[in-house]
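Single chain ahead, by itself, as structure tokens, in the form predicted on its own.
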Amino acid sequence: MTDLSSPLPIGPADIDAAARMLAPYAVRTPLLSSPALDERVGARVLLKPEILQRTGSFKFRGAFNKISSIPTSARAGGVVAFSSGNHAQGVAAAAKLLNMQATIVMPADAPLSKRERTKGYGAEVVLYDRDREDREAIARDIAVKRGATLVPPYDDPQVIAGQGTVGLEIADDMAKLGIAPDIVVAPASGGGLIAGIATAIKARFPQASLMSAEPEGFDDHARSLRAGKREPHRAEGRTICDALMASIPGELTFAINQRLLAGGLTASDEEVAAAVGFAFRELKLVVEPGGAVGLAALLAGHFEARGKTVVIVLSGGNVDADLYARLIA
């Protein structure tokens, strides 16, 4: 059970510092609106398109904030990360900008486009079997042998603070528009993105409801929030949301999310596919399945949005062309 009286792992000041660090490197993504989407759900919807971020997802923010904090004396060994793709690319790109070597442990069944793009940033890719091998153990072993720094995908204060700059930008832009968010929804795997966003949004708009979004069955955040403690999901097999398959929320991320989130949403693969198609046809945006799960929950009516101001984070757009063609068809 999380101690609800203990200090949170990060605060708004940490996100402000991350924003200053990222300013010369990260894309400040806009808030977009769509009359077609507003009409369909009966709400004022604002979309945060992290598909436009460097490397095609929000992950660059946390990776760069973490890697840039490594002392110069410790950079020779490089960095090691484990990821299904988006964190991999974020770490690889950040390391390249900082003239460091990156080694990424990736599942052998990760989308080919994500593997190739990771290599394209100059990273070494080490493949593993996600059903039989422990990616974190492999990464830690490499880090020890090479004297490298491990860059976790979510359960790290500097990573969470970097991801929180998404929420800081949302809060700043909404303040400029003179409106307050009623509901903010973001995808969750380990929970770093929604934890960072919740920290930033709640500091400016304490009445806003923050919710995680996950694929149906892979609902460890929804389960954990209901139970009041970290619980794994019960899913077997796969989901088209390959970026959202973490088995249990992170310790640090859940400490934040249990305190700040109103609940967790889920959407089926069929609903996610429909959302990917809607984004293509109506919004003219390419969104990967994991990045569209919040939009899927909205379109499927899994929470009451009518008459409210809703922010949906589209967290990434890295999807294989063949899968994307099937989804939008």
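Please read all numbers here as calculations on a predicted model, not as lab measurements. When you see a residue number, it is the position in the sequence shown, counting from 1.
Just so you know, the form predicted together with a further copy of the same chain exists too; it's not on screen, but the next bit is about it.
Of the heavy atoms in residue 41, none are within 4.5 Å of a further copy of the same chain in the predicted complex. By the criterion of a heavy atom within 4.5 Å, residue 23 is excluded from the residues contacting a further copy of the same chain in the predicted complex. Interface residue remark: residue 117 is counted as part of the site for a further copy of the same chain in the predicted complex, having a heavy atom within 4.5 Å. Remark: residue 304 does not count among the residues lining a further copy of the same chain in the predicted complex, judged by a heavy atom distance of 4.5 Å or less. Taking a 4.5 Å heavy atom cutoff to a further copy of the same chain in the predicted complex, the contact residue among 260, 274, 70, 285 is 285. Scanning 51, 298, 267, 45 against a further copy of the same chain in the predicted complex with a 4.5 Å heavy atom cut-off leaves one residue, 51. Taking a 4.5 Å heavy atom cutoff to a further copy of the same chain in the predicted complex, the contacting residues in 18-51 are 27, 30, 32, 33, 35, 39, 51.
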